[in-house]
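The form predicted alone is given below as one chain in structure tokens.
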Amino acid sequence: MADADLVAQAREGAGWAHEALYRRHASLVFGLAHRLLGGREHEVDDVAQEAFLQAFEKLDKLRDAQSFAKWVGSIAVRCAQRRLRRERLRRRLGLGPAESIDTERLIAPTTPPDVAAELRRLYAAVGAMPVQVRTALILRRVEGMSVDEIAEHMSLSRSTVKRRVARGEAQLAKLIGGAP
């Protein structure tokens, strides 16, 4: 069945349609959450569940039923950003330890030591970026999304996305020694 048909059935209360949408798009949502949160699996599950819960609760607000994948992906991006912002706020207020990107989950054990060290530096640099910049950069560089797709997922204008990606690229270059 097409997503539009499943969405129509889910809007009518068919539990099997909710499950089918979940099964079809779970890897997308979990993948986005995993990469945006830096491999912290306990939080990835929470973000993915939150994204699907919000999507199913607000299914009547989805204008183009066939675009369910993009829509639930956008919700997952916003949920991950909220989680990262809350974590930074708790850290600033001294209410919790800093959670860094779990490089051991993101770097394969077979990775050569010099490459693994460089990846750790890279992940540390990305983890130090503001949430909005980090998200835009990950969506562009890791997910391979276009500026238009990022703008849609982050609910931003194209020019704002371009500025954030450029800022992320500049910060990354500065933090890992690639630029003066």
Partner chain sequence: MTQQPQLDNRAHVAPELSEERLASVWFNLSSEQRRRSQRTRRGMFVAAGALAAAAAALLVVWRVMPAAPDQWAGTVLRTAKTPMQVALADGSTIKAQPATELQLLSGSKTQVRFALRRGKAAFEVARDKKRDFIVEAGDVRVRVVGTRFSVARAAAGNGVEVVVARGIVEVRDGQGKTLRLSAGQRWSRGVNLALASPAKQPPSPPVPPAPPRVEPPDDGTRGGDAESKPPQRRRSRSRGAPSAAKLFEQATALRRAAKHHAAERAYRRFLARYGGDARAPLVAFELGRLRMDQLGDARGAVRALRRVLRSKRAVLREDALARLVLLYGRLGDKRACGRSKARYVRLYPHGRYAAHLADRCR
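The structure displayed is predicted, hence computed values, not measured ones. Numbering follows the first chain given and starts at 1.
Note that the form predicted in complex with the partner chain isn't included here; everything after this is about it.
*Among 151 to 159, 60 to 68, 125 to 133, 112 to 120, which stretch has residues whose heavy atoms lie within 4.5 Å of the partner chain in the predicted complex?*
Looking at the partner contacts, the answer comes out as 112 to 120.
_Please tell me whether any heavy atom belonging to Ala14 falls inside 4.5 Å of a heavy atom of the partner chain, as the geometry stands in the predicted complex._
Yes, Ala14 sits close enough to the partner chain in the predicted complex that at least one of its heavy atoms falls within 4.5 Å.
_Can you tell me if Ile75 lies within 4.5 angstroms of the partner chain in the predicted complex, counting non-hydrogen atoms only?_
Because no heavy atom of Ile75 falls inside 4.5 Å of the partner chain in the predicted complex, the answer is no.
*Using heavy atoms and a 4.5 Å limit, would one call Ala108 a contact residue for the partner chain in the predicted complex?*
Contact with the partner chain, yes.
*Any of the heavy atoms of Arg85 lying within 4.5 Å of the partner chain in the predicted complex?*
So Arg85 does not count as contacting the partner chain.
*May I ask you to list the residues of 1 to 30 that have any heavy atom within 4.5 angstroms of the partner chain in the predicted complex, in sequence order?*
The stretch 1 to 30, when checked against the partner chain in the predicted complex, contributes Glu12, Gly13, Ala14, Gly15, Trp16, His18, Glu19, Tyr22, Arg23, Ala26, Ser27, Phe30 at the 4.5 Å heavy-atom cut-off.
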